[in-house]
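Consider the single chain below, provided in structure tokens and representing the form predicted on its own.
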């Protein structure tokens, strides 16, 4: 059976940047729609899935906590908790007890969403394509709707907490009498519109910058991975190709493992070269083309992935710290 022609680079990039969308007004699946009542199903699905994974993993640690010698997972969670607590204590000096748990949730949820960018570009979209799903984007934090939704949620929590901490009068005075103030009543009244406008700009800049910063970095990383994958364009989406991607990951891990692990033995020296020779043979002859393309795709992306690990961790950290800082600013009295 003749295979379908491989897509062009532009078609490949466009396919990977297209959301699986649902038009809520009509109940139909749409493509590249920018309407208000359009829902990006893939972003919602993976956001909820990763939130569920976070709850399960940390719930297991909470149920198995022990006062004695902690296990590896409990020890890791405690290290993360101490790290987040130290960051909160440095930036937040008020009495609300929900800020530290909120920071913990924000950091790991954003990190999990960012981590999806490290998966092979074609793996999940190929599986989805074999199940009849035409488009799938697996990185929720590369969707501005998700990042802005999270930042707006943080902004609303900080705004409500500001009224709780300072009262209506305290919040009103910040909008009307800061940053410019005067002893003269007439001058003070003239400065009120300017103060109100500046305060509105300051407050609106918080969620916009918080959300767009995360979106911009993750979208750029997603684009780089897709561009690297363009060098190894393979056959259309099939389950066979998805399995090939998984096998290529395994081969790459085995090559690294046998090259650096343990004592130097002939089998450990020869096996990486044998595996690599098989990949070269598949590439040159066309035998096992999906596997060969998947292997080279992963090899090309590995260098960027090592650097990208720092980016996804840093972006989760920045989102968490700025959220805590905004909570502290909401409670500070001026």
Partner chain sequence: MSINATLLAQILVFGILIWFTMKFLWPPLMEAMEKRAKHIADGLAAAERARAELKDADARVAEEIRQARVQASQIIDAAQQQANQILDKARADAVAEIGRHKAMAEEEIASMAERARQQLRAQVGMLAVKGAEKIVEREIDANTHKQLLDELAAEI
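Positions refer to the first chain, counted from 1. For clarity, every value in this text was computed on a predicted model and none was experimentally measured.
There is also a form predicted in complex with the partner chain; it is not shown, and the following applies to it.
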Which pick from 106, 229, 139, 136 sits with a heavy atom within 4.5 Å of the partner chain in the predicted bound form?
106
Would the partner chain be touched by all three of 61, 74 and 145 in the predicted bound form, meaning a heavy atom each within 4.5 Å?
yes
Answer range among 192-200, 119-127, 165-173, 81-89 for contact with the partner chain, defined in the predicted bound form as heavy atoms within 4.5 Å
81-89
Heavy atom of residue 113 within 4.5 Å of the partner chain in the predicted bound form:
yes
Using a 4.5 angstroms cut-off on non-hydrogen atoms, would residue 215 count as touching the partner chain in the predicted bound form?
yes
Residue-level question: is residue 307 within 4.5 Å of the partner chain in the predicted bound form, judged on heavy atoms?
no
Report yes if any heavy atom of residue 21 sits within 4.5 Å of a heavy atom of the partner chain in the predicted bound form; otherwise report no.
yes
Interface residues of 33-48 toward the partner chain, as seen in the predicted bound form [heavy atoms, 4.5 Å]:
33, 35, 36, 37, 38, 39, 40, 43, 44, 47, 48
